[in-house]
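The chain below stands alone and is given in structure tokens; this is the form predicted alone.
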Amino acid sequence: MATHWSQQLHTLLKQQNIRQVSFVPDAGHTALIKLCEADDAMRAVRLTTEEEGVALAVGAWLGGDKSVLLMQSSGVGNCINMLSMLSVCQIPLTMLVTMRGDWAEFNPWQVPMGRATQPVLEEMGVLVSRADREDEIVPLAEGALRIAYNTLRPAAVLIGQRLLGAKTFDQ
């Protein structure tokens, strides 16, 4: 039986000594969130808003731990001001961002931020890559983790909506 990409990502996070995973609950990250919550070696932190995850990452780094922030593309807009702190203070953070507002989107409110996610992150100094195929997710996540923690910069992997599947009004 094939391993779901979230299981492979969880294994990667453990290999890279990620101790804290913060998130606003998101359907695209559900399997990974459950794995992190069940892992006694990781602290899974539910957020009320995504920018709290940036602040938690700063605290984790100052306390000697590595962290990852899971969010949906709509949450990137909530983080813009906080992201400036990462580059200015040379705080590493890897963000795994499930995309909305692109392929087969049903919700018109998701489209503007979906289109703006990558340029906004890049303007805030975040190194961005995008996975549109399942076999790209783990290698791109590994690259993002390595560059973030080796160069003290923020990095993000965008996980394309086509890969996740389109949501509908009845879901």
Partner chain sequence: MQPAPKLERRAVVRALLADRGELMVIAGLGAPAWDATDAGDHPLNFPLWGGMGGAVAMGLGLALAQPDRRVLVLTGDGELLMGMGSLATVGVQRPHNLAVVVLDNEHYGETGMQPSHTAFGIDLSAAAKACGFAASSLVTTMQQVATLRADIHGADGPLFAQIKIAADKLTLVLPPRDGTHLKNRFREALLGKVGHFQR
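Residue numbers count along the first chain shown, from 1. Bear in mind the structure is a predicted one, so any value in this text is a computation, not a measurement.
From this point on, the text means the form predicted in complex with the partner chain, which you will not see here.
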| query | finding |
| --- | --- |
| In the model of the complex, segment of 120-128, 103-111, 26-34, 47-55 with a heavy atom within 4.5 Å of the partner chain | 47-55 |
| Partner contact for residue 85 in the model of the complex: the partner chain, 4.5 angstroms, heavy atom | yes |
| Residue contact check: residue 43 to the partner chain in the model of the complex, 4.5 Å heavy atom | yes |
| Any non-hydrogen atom of residue 161 within 4.5 angstroms of the partner chain in the model of the complex | no |
| Contact flag, residue 144 vs the partner chain in the model of the complex, heavy atom cut 4.5 Å | no |
| Partner contacts in the model of the complex for 60-79 (non-hydrogen atom within 4.5 angstroms of the partner chain) | 60, 61, 62, 63, 64, 65, 66 |
